[in-house]
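Next up: just one chain, as structure tokens, the form predicted on its own.
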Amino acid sequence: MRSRRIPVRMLPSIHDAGWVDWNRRPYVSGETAYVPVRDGQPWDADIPPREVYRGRGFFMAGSIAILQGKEPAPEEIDRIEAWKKPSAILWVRSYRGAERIPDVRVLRGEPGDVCHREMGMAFWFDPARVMFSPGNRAERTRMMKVAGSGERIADMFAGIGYFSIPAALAGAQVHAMELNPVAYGYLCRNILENRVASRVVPECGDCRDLLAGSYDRIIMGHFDSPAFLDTVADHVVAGGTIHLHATGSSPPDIPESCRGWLCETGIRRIKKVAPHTWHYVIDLKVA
């Protein structure tokens, strides 16, 4: 890319300059901007085209690269290391048990605590020890929009605070329950990190034993949630909402025992989790 070097502070002054090729974007490095020039105009720097990553898919959790699915080949690992220079590369093969403990193989580096930032929130965790799903980002964003200020919300499978924190930032009072003591430790840390301690009450234990009183909204963010619906029947107000997470080739049906007091108001397909298997979120209204 043929460019002219100018100080970054001068970028606003060239908005109407005839030599600038506005079909391409300036490249900024430190205090210098490399501005693309139109054909026939003088230039003093030639920037090679930006390389595009074409390797295997992965996601970054802080400084750690995480792969899922089939076992990666050595050349795939090398390409990720060259592209992102992560502090570690992990292959998460699956998640085990009700506590969703990662079955992890460390491919490069040393894993440890990282801080994943999104939408103004910070989530501390060790991806080798607790679960984190980047595919739930849209649902985390939605919790910020649907949670009402002053609502009392139960987050039955809170993890490290994926849904509790955005709901609290929206002004809700959240009862966050988590069975895994490691994830619970990160939940408490993230509550403090995001300054929502006045709006989130965390508890470690089985959510079926911790539900207390009535809630305006219940978040059931575990794939086994349909089996827990009978548990929440006495803990959600009339007109309240349940956000039920589940997997399958199609959305699950409401259990026969719950059809008298629940009605479906919306279904979203979040992401593919296995061949012919999708992660769904079903919104349910309490009669």
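Residue numbers run from 1 along the displayed sequence. Computed from a predicted model, the values in this text were never measured in an experiment.
One more form of this protein exists, namely the form predicted in complex with S-adenosylmethionine; it is left out here, but the text below deals with it.
Practice task
Verify the flagged residues 80, 87 and 91 against S-adenosylmethionine in the model of the complex: is each one within 4.5 Å by a non-hydrogen atom?
Solution key: Checked in the model of the complex: no contact with S-adenosylmethionine for any of the three.
Exercise for the section: State the residue from 192, 98, 115, 106 whose non-hydrogen atoms include one within 4.5 Å of S-adenosylmethionine in the model of the complex. Expected result: The residue in contact is 98.
Practice task
With heavy atoms only and a cut-off of 4.5 Å, decide whether residue 136 touches S-adenosylmethionine in the model of the complex.
Solution key: Yes, residue 136 is a contact residue.
Problem - Exercise: residue 179 in contact with S-adenosylmethionine in the model of the complex, heavy atom 4.5 Å - result: Close contact exists here: in the model of the complex, residue 179 approaches S-adenosylmethionine to within 4.5 Å, heavy atoms only.
Exercise for the section: Report whether the minimum heavy atom distance between residue 166 and S-adenosylmethionine in the model of the complex is within 4.5 Å. Expected result: Output for residue 166 is no: heavy atoms all beyond 4.5 Å of S-adenosylmethionine.
Problem - Contact of residue 171 with S-adenosylmethionine in the model of the complex (heavy atom, 4.5 Å) - result: Answer no; every heavy atom of residue 171 is more than 4.5 Å from S-adenosylmethionine in the model of the complex.
Practice task
Name the stretch: of 70-78, 117-125, 142-150, 206-214, exactly one has residues whose heavy atoms fall within 4.5 Å of S-adenosylmethionine in the model of the complex.
Solution key: The contacting stretch here is 206-214.
Problem - Contacts with S-adenosylmethionine in the model of the complex, stretch 151-190 (heavy atom within 4.5 Å) - result: Read in sequence order, the residues that approach S-adenosylmethionine (within 4.5 Å, in the model of the complex) are 156, 157, 158, 159, 162, 163, 177, 178, 179, 180, 183.
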